[in-house]
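Take a look at this one chain, the form predicted on its own, written out in structure tokens.
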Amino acid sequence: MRILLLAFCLAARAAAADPKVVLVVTADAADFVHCAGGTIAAMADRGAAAHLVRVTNDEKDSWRLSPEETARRVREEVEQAARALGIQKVHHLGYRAGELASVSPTELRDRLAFYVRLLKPDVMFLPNPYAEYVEALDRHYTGSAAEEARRAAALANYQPPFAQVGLAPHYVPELYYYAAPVDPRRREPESTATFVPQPVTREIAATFDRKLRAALALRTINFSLAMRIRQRLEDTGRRLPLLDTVDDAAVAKLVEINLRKLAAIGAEKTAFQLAEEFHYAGLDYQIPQKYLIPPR
């Protein structure tokens, strides 16, 4: 039994060092770029085949566009953003944004488990369903379903028809939970390291420019953000000179400032200048060191 555990751990360690397939799950077009884009790009640079599953169609996040036009534009833009990060393919589930609370969690779990079994990823990225102060609740529902999908995809008795068409059970060795760094307790360890995801920081200085290029591709969402910020400032008697004129240059500068600030927050109290934060479930999450045969 101990030999089997060691073999499993060594296989997982190889996958961790050189991921072959990365599966990114996102509730919306912007979240995975802002919170994990640099780390995803770094894995793609090391040869990983990255796939993105986008759960909603973002039809509500625009400024004076119809839902249909918004969905059409954002679909094209998120594919541009994905290509900038080295993601090979985007899979769109097409749920209505802001309405995942009414979607069956089992339905969403099983749709995501399908992609786990189909793509057999070595690494998964998903929105952290335990993050506090996240207003976009679609991210909570997506993260919760993706976390359960990772477990369900490894067990044959979940969705037996999958196996009948050749989609065998698959266990994902590594899991990255991502979220915007707004929770003041986000870096606190979650109990002991064994079996519980722990805070980690990944440097993104080498891939930040690509992350920025991906974020700038989301033109519809970026323009909407700029206009909403200006409107809220005006409504409260304030002003941001950058947004006196909301043109392409102003929006691009706003996006860059936002990304650099997020990356600087992620790098606080580390040796990095630009970084991303995650809660990570990796090798220690699977098998405690005390159960392994010491190397000779």
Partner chain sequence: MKVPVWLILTAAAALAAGPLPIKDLPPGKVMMVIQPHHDDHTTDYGMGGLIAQFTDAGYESHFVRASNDEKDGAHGYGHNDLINERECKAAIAILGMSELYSLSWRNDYMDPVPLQELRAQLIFLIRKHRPDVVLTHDPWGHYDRNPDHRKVARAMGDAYWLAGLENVHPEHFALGVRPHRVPYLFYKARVDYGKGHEPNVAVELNESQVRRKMRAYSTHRNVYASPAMARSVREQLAQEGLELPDLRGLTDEAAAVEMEEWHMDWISRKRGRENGVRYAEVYYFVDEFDHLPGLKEYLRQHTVQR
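Numbering follows the first chain given and starts at 1. What you see is a predicted model; the values in this text were computed from it and never measured.
The next section is about a form of this same protein that is not shown, the form predicted together with the partner chain.
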Original post:
Looking at Ala252, Ala42, Leu262, Val246, which is the one with a non-hydrogen atom within 4.5 Å of the partner chain in the predicted complex?
Top reply: Leu262
Original post:
In terms of non-hydrogen atoms within 4.5 angstroms, which of the given stretches 92-100, 76-84, 166-174, 114-122 touches the partner chain in the predicted complex?
Top reply: 92-100
**OP:** State yes or no: in the predicted complex, is some non-hydrogen atom of Ala131 no more than 4.5 angstroms from a non-hydrogen atom of the partner chain?
**Re:** yes
**OP:** Spell out, yes or no, whether the shortest heavy atom distance between Phe208 and the partner chain in the predicted complex is within 4.5 Å.
**Re:** no
Original post:
So, in the predicted complex, is Ala49 in contact with the partner chain at a 4.5 angstroms heavy atom limit?
Top reply: no
Subject >> Touches the partner chain in the predicted complex: Leu155 (any heavy atom, 4.5 Å) >> reply: no
**OP:** Any residue of 238-261 with a heavy atom within 4.5 Å of the partner chain in the predicted complex counts; write them all down in order.
**Re:** Arg238, Arg239, Leu240, Pro241, Leu242, Leu254, Ile257, Asn258, Lys261
